[in-house]
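Just one chain follows, in the form predicted on its own, and it is written as structure tokens.
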């Protein structure tokens, strides 16, 4: 009777995505068990999340993970701890799928945290160690973090002419006040559906401070758009939602980011995907996203004062050169000129620097003019 009850609960909680993830998990565990029973060294294969194992697909205009992988063995002193951590978190993920529940990355860290019996050794030194192993599990299983029933903290906001359904609740993003709608970590179709959208485009800004200016000035209302921010480099939830709105609602995405190597890198991640998570590019990257600004030429064409200049550090200069050498930027003459112009200026600028012109200059003049003139970088 108990067995039948368990099967009933499992059948209710396991979706098609869950079934696929469970199959991959059990397959990995079975391979380890078979190897152990054959008196051989158990191991797992973990795809390398490195630049060397990342290629740029020119046709799709996104980053893709290569086939290089690292073998993680139990009977290797340098790899044993990571091997056992991988098995431990894999077991934790299985228990989440069995229960039909989700857990935060922090929660998963604590779920697996304990002192190994007979030693003073803890399973994890800190959450960063746990998070890294979870990313290894993602690429090893070919399953996304959301499919492992894990979520990260909310780090993005949205407001604008769209109504969505979030876990069964209707959310009118036109009526979100000064705080906006907090974009969740998991934005898959079984969680979020789009009900009504009148917007013509999406404007994504780098920081909440800039987003607040646009929201207070009702930019999204005046220009019939959706306004989002990602707290710097947007987390997966924000990027996934943007990709879905771009694909499913056919909305162009424009990015208003700082004129510095970090702003350029954020755009690169949003457009092509990230090196560290290249296997996710197909669902996160937005190849058609446009860089609206702020630009190196804006110092002169907007007649900004010397006060807005932030001197480039040696690290900034090196980072800018690295970005310019990315395969997906090397053939873009406009981007080569942009990065070169910033380096020749010798300084970087934040979007907030436009406030020196007028408190609403960015919402009333800068962005409307850039959009009207189609003045952006691709």
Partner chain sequence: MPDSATLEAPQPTERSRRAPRVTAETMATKQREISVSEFFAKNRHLLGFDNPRKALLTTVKEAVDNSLDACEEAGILPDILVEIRLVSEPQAPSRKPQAESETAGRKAQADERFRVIVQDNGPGIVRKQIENIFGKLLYGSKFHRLKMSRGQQGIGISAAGMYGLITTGKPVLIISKSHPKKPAQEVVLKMDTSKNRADVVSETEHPEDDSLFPDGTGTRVEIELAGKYFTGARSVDEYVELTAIANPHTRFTYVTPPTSQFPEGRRQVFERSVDELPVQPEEIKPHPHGIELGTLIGMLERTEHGTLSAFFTEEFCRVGPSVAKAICESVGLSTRYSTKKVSHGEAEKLYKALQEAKVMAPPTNCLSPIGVKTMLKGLERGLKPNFIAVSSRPPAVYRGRPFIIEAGIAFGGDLPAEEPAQVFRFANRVPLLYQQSACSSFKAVSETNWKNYGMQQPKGSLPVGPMVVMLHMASVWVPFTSESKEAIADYDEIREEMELALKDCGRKLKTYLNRRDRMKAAGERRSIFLRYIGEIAKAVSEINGQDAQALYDALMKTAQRKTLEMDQTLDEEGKVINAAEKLEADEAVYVKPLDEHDLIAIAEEKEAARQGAKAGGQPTAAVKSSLLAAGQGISSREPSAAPPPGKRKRKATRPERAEERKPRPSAKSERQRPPSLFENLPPPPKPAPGKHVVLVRKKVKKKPT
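Numbering follows the first chain given and starts at 1. Bear in mind that the values here come from a model prediction, so they are computed numbers and not experimental data. Basically, rigid core = biggest C-alpha set you can superpose within 1.5 Å across the two forms.
Unshown form predicted in complex with the partner chain; subsequent notes refer to it.
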Practice item. Name the residue from 275, 155, 88, 164 that puts a heavy atom within 4.5 Å of the partner chain in the predicted complex. Key: 88
Study note, to complete from the structure: The listed residue (223, 94, 246, 295) that reaches within 4.5 Å of the partner chain in the predicted complex by any heavy atom is 94
**Study point:** Interface stretch in the predicted complex with the partner chain - options 319-327, 25-33, 332-340, 306-314, non-hydrogen atom within 4.5 Å
**Key:** 25-33
Exercise for review: Give a yes/no on whether residue 53 approaches the partner chain to within 4.5 Å in the predicted complex, heavy atoms considered.
Suggested key: yes
Practice item. Would you please decide whether residue 119 lies within 4.5 angstroms of the partner chain in the predicted complex, comparing each non-hydrogen atom pair? Key: yes
Review point. Would residue 99 show up as a contact with the partner chain in the predicted complex if we use heavy atoms at 4.5 Å?
Key: no
Point to revise | the partner chain contact in the predicted complex: residue 84, any heavy atom under 4.5 Å | key: yes
Practice item. Decide if the three candidate residues 69, 74 and 125 all line the partner chain in the predicted complex, where lining means a heavy atom within 4.5 Å. Key: yes
**Study point:** Rigid core superposition, residue 104 Cα moves 2 angstroms or more between the shown form and the other one
**Key:** no
Point to revise | CA of residue 76, rigid core aligned, shift of 2 Å or more between the shown form and the other one | key: yes
